[in-house]
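First, one chain by itself in structure tokens, the form predicted alone.
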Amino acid sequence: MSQCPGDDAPPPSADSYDHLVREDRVHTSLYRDAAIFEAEMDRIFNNTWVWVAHASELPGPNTYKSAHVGRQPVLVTRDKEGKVHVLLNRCRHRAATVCENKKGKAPVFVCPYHGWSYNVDGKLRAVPRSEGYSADFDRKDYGLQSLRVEEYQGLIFATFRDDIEPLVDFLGPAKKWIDLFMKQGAGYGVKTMGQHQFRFPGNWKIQLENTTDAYHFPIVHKTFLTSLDEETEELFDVLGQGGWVEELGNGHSVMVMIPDLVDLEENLDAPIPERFQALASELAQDHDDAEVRRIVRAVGGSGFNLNLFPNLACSMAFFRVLRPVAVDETEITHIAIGMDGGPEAGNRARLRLHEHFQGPMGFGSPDDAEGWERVQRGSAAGKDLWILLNRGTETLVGHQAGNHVTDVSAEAGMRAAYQMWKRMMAV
């Protein structure tokens, strides 16, 4: 059987993974080896900042949502003073979950097994028939385990490590792109507006790669493109707009597909697209022209996908969250976002756009999921072959974004993520 250059199989190794990641390819075992997956849960998800919530999902005191850090279930809570906590969803007595709801409001969590109760900050509140314990039993020692929590622009991250770098340092240059992404609030701020979840039978890294993969867009999403009017279809010619991919450090990357929509506060005097004319007319009843243009431009979403290693994508106009379940199973959550306190008409329009592409009956989600599933199935063939990431290795010279970026169809974002993977898996 003929092979591509570099297709020689790596030697087996019990605890070293360096040989599985090269500059322009990764070994197929990264999709299929259960032992590698277990190591990832420990060395990556238990040892870095992991996104768990957006601040708008905790709208007031005693509110909470369920989430995961890797495979470990957690509760993200806001106490009566407004402080956010991330707590392991596990009673300290006999390990039962203390909450099974996806979100809600409650001043206390009560374990349904033996009735131990906890405040939303994780402190153990009461123990039924506590006289059955020895005199040195101290409730202060048995609160829910708390993780370190930090927030940037409403994005809430948690980590098990107290000695890790501050979140702002971990995000680094990605902060600039988060700031730009949040301009979709049009001055009102950003809020979540509902979500849907699904699972696909494939490895989590397959989806991680997809967020900065423009190469697939005109092929996989051909049916989406044919559903658009001519003006919008031209806008979504993502390979022909002069976009780029940029590495941002720590495995993060950004793929700019529509450069004209990078900064939503620019070009506000440009003509309003035909597809938004009706919305503009409705908004004009309560807003002046400048405000109408700002809202309409925000409704259309940003022109880029931001990948935040290891589990969050700020993808054009929504959040995509991945959760590894097993070596060959991944849960995806698509979270629609809108303007917090903004006009109902604008948020309604954003939801319709979200439904068109990323909603459960939209064009984008089913097509992407089919591709991810086929990658996992295909990886069973030629187990010693490599996954190629060698597209667009040369930086662009004289580009508007500088000389440090690669073509929009390049696989630079994937290479950046795998170099971070390699770094963390060596620890």
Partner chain sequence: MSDGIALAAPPCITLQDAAEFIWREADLLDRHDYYPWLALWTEGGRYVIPIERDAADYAAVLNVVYDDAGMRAARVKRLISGFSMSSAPAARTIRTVSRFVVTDSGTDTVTVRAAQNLTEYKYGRTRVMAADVTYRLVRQGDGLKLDQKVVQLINSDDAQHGIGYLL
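The shown structure was predicted, so the numbers you read here are calculated from the model rather than taken from an experiment. Positions refer to the first chain, counted from 1.
Keep in mind the form predicted in complex with the partner chain is missing from the figure; the text below concerns it.
S.K.: From the candidate stretches 108-116, 271-279, 214-222, 77-85, select the single one in contact with the partner chain in the model of the complex, where contact means a heavy atom within 4.5 Å.
M.R.: Comparing against the partner chain in the model of the complex, the contact stretch is 214-222.
S.K.: Answer with yes or no whether Lys102 is in contact with the partner chain in the model of the complex, where contact means some heavy atom within 4.5 Å.
M.R.: Lys102: contacts the partner chain in the model of the complex.
S.K.: Whether Trp51 contacts the partner chain in the model of the complex should be assessed with a 4.5 Å heavy atom distance threshold; does it?
M.R.: No, Trp51 sits far enough from the partner chain in the model of the complex that none of its heavy atoms falls within 4.5 Å.
S.K.: Does the 4.5 Å heavy atom contact test between Phe37 and the partner chain in the model of the complex come out positive?
M.R.: Although the partner chain is absent here, Phe37 would stay clear of it in the model of the complex, with no heavy atoms inside 4.5 Å.
S.K.: Considering non-hydrogen atoms and a 4.5 Å limit, does the partner chain approach Thr232 in the model of the complex?
M.R.: No - in the model of the complex, heavy atoms of Thr232 and the partner chain never come within 4.5 Å of each other.
S.K.: Please tell me whether the candidate spot formed by Glu344, Phe363 and Pro366 is one where all three residues come within 4.5 Å of the partner chain in the model of the complex (heavy atoms).
M.R.: Checking in the model of the complex: Glu344, Phe363 and Pro366 are all within 4.5 Å of the partner chain.
S.K.: Taking the partner chain in the model of the complex as the reference, which of Leu180, Leu351, Val127, Leu147 has a non-hydrogen atom within 4.5 Å?
M.R.: Selected residue: Leu351.
S.K.: Counting any non-hydrogen atom inside 4.5 Å, which residue from Val238, Met193, Leu248, Val321 sits next to the partner chain in the model of the complex?
M.R.: The residue in contact is Met193.
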